[in-house]
Every structure is written in structure tokens, then in C-alpha cells.
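The chain that follows stands alone, in the form predicted on its own, written as C-alpha cells.
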């Protein structure tokens, strides 16, 4: 089984960190992983994305054409990646910054007010963890417990004080997806 995930948004939204966390959790679970970051030269405020592949066996190529899951944190990312999501895959969009509906009907999708949820927790920078929690509810490639343990094991010391808030954000994102009654997508391919 191989699961391909793209996370995309503006620089400064925690796109790369969310991908790194997925990669660490998968490695800690004994999976093969690739994590490929991509960002514009302007960094904060410019475009940023990353590709994560999680597999039970050796990964042949880090290139992804039709990912099983895409998390888009802004409108330009939705415009770019909506068409690429694999049929039956998962698309999660940040409703806080996206002013249009998801058009595809052959995928499982969720519009989540990630900025508002993060702000209600006391830190708007938690929106990446809110999005990640929602994705794991819809596509259980890893458990919430595995992600939380990886966060505890790999969070940089300078951000350790934010550990509990990050875990809370992950759980709030998963809870939002659960309450919305979204379909759970099987991980098998």
C-alpha cells in the first residue's frame, strides 16, 4: 500500500511542518517515506507545498501525479490541485481563505474553517494541525495517536511549549470532520 499526500498553501502557514510531521510519524511506524518540500523564493507569504508518500514497501519514485489526499490552505492551491486528486481521494480545503466550493463530485471533500478553529484555540498558526487532524479522520493512513507521539518525539525544543496546543488542534480538526459526517476513505489502493 502506498499513499500520496500533497499539502499546499502560503509560506508561513506551516505547510512544510505538517508534511514533516506526517513523514516522522510514518517513519516511526516503520513505513517507507518520502517528503519533498517546494517553496517560492519569497518564503513567508509566497507559495509553499510538500509531497509526502507513505508506503509499506520501497517507494519507486517521489513524483506524484494523482495524490490520494490533498490539503489546500488557500485558494491558489485549491485551483492548482483540485483537478489532480485521485478519483475517490480526499480533498480538504481551508474555508477561512477559500471563497468557492469544491467542484469535483468524484472525491471525498471537506471545507473546514481552519483559521477560525485555530484562533479559538488561542493561536492562529495551528491551522496546519487542524487540517492534518481532519485529513487523518478522513484518510486514516496513520492514527491520531501516532501523529501525537511523533509530535512529542520530534517537535523542536524551542516550540515544546506549544505541544499541547498542537495536539489539541489535531484533535479539533478530526472532531470537525467527524461531526460533518464525512466519508472515511480506505487507505488500500
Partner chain sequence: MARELLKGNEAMAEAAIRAGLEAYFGYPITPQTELLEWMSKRMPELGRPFLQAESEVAAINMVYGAACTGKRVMSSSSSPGVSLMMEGLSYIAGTELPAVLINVMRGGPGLGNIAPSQGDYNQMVRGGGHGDYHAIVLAPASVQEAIDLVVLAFDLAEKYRSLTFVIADGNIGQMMEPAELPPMRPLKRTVPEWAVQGAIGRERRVLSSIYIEPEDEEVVNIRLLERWREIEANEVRFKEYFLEDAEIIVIGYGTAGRVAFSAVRTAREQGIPVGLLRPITVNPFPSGRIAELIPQARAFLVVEMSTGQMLEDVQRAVEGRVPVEFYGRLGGVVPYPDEILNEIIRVAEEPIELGVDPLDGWLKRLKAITN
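Positions refer to the first chain, counted from 1. These figures come from a predicted structure and were not determined experimentally.
The same protein has a further form, the form predicted in complex with the partner chain, not shown here; the description that follows concerns it.
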Might residue 161 be said to contact the partner chain in the model of the complex, defining contact as any heavy atom within 4.5 Å?
no
Taking heavy atoms and a 4.5 Å cut-off, does residue 168 contact the partner chain in the model of the complex?
no
Using heavy atoms and a 4.5 Å limit, would one call residue 125 a contact residue for the partner chain in the model of the complex?
no
With the partner left out of view, is residue 24 within 4.5 angstroms of the partner chain in the model of the complex by any non-hydrogen atom?
yes
Assert contact_stretch over 132 to 140, 116 to 124, 145 to 153, 50 to 58 against the partner chain in the model of the complex, heavy atom within 4.5 Å, equals 50 to 58
Contacts from 14 to 36 to the partner chain in the model of the complex (any heavy atom within 4.5 Å), listed N to C, are 20, 23, 24, 27, 30, 31, 32, 33, 34, 35, 36
